[in-house]
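Below sits a lone chain in structure tokens, taken as the form predicted alone.
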């Protein structure tokens, strides 16, 4: 099958019997739901750009499995050049959507699963690697979007998987059959899960021998029997349900998506099982996926940051403050922070190396440094954008007020809309509506429905800040640095 177009992707979702719940109701036509559709449009962009000759080099690749042209989101990295192109592709998509385009987790899961299954087979004599290669070939040939799912609800964070009061707080094997396994549990905060054709499930943390039923990795279609999703709501999400509220939306076309994915005794056939109680390799899979996904943030967050910097500069123009030296300095600082994130994403890619399986792994230490910076710098970028925009960003009336023809009973006889447009005008020559649009857009990225793809998600996506600090401590090799100091200081022990 050739690469899908964006429209073909949207139509392919309609063919799925995906079970979606939101606001306490089952959503039958979720593809066209006004709250969900912006997130589908983000994924659609990954297909549209792959059809554009201008972006073909970044958006597509040659499959190492089949030799066919495929979307880069389904690619196994074959070089450090592939790793760098991944980051550049993610920056491009962030620039085009100013939100989360949701296919990164699947791509990162493919690459971590490919190398981990290879090493699992070497140690245990299993055949997971060949199974996974066949599965990924299917994904590539059909140009599918796959939700890479790692995060479990976790329950009591002070207890291990098996010690939980409710054993379903981590996805687990509840039955092993001759033809496959039955799994139960849930994956939380799953980016783009509803918009995906498939789900690739991984453990969320290292697993001990006594908890080996939690060491499981597998793939299932989105409409598998026993699988359903509960959509996660976002700040300002119901604005999308309001009539004629496009100014208030800020980013009308695009948005992020998260959901709880529940597995209520879902059967998985053997050919889609890639780990089944090999607990000694669960930690490796988690570590490699986390590394790839932390690299991703050096691209996607930078692209959204590019848009936010542009929006802040426009707000300064529309406010008539663009010539102030402190405004120029704040834009410089935002750019400095944003490009520093990009440097980290490129650096961990350039320092990549081949795995035993043949695909390329990023430098884990630098990837964790990249994500640690992402937990901080976007917050400062947002703070500066809000500073430049001004308080009107969060105190302005609604679009309905700006367009109201209701007459206020005063001597002037002016309408509500005329009063609002009169007093919220900015720089000469700038319409009040355009000023409102850019302020609402900044609000959307900083506080609203796109925050899941920028600010708050920068903190918790791909692991909390402490998760990166643990990896930095592990990878930082303090012992070797001590030896460097001893040698120069003339210390002999």
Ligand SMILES: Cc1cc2nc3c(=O)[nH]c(=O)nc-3n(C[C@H](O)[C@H](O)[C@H](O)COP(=O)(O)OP(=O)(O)OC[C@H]3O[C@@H](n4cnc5c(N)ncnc54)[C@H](O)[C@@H]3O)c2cc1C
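Residue numbers count along the first chain shown, from 1. Predicted model, so just to flag it, every value in this text is computed and none were measured.
Although it is not shown, the form predicted together with this ligand is what the next lines describe.
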Which pick from 432, 41, 456, 63 sits with a heavy atom within 4.5 Å of this ligand in the predicted bound form? 456
Of 201, 89, 348, 105, which residue is found within 4.5 angstroms of this ligand in the predicted bound form when only non-hydrogen atoms are counted? 105
Quick one: find which of 132-140, 391-399, 148-156, 174-182 has residues within 4.5 Å of this ligand in the predicted bound form by heavy atom distance. 148-156
Evaluate residue 463 for contact with this ligand in the predicted bound form, applying a 4.5 angstroms cut-off between non-hydrogen atoms, and reply yes or no. yes
Look up in the predicted bound form whether residue 195 has a non-hydrogen atom within 4.5 angstroms of this ligand, and give yes or no. no
Residue contact check: residue 368 to this ligand in the predicted bound form, 4.5 Å heavy atom: no
Does residue 258 make contact with this ligand in the predicted bound form, using a 4.5 Å heavy atom cut-off? yes
Which residues, if any, of 188-222 lie within 4.5 Å of this ligand in the predicted bound form when only heavy atoms count? 188, 189, 190, 191
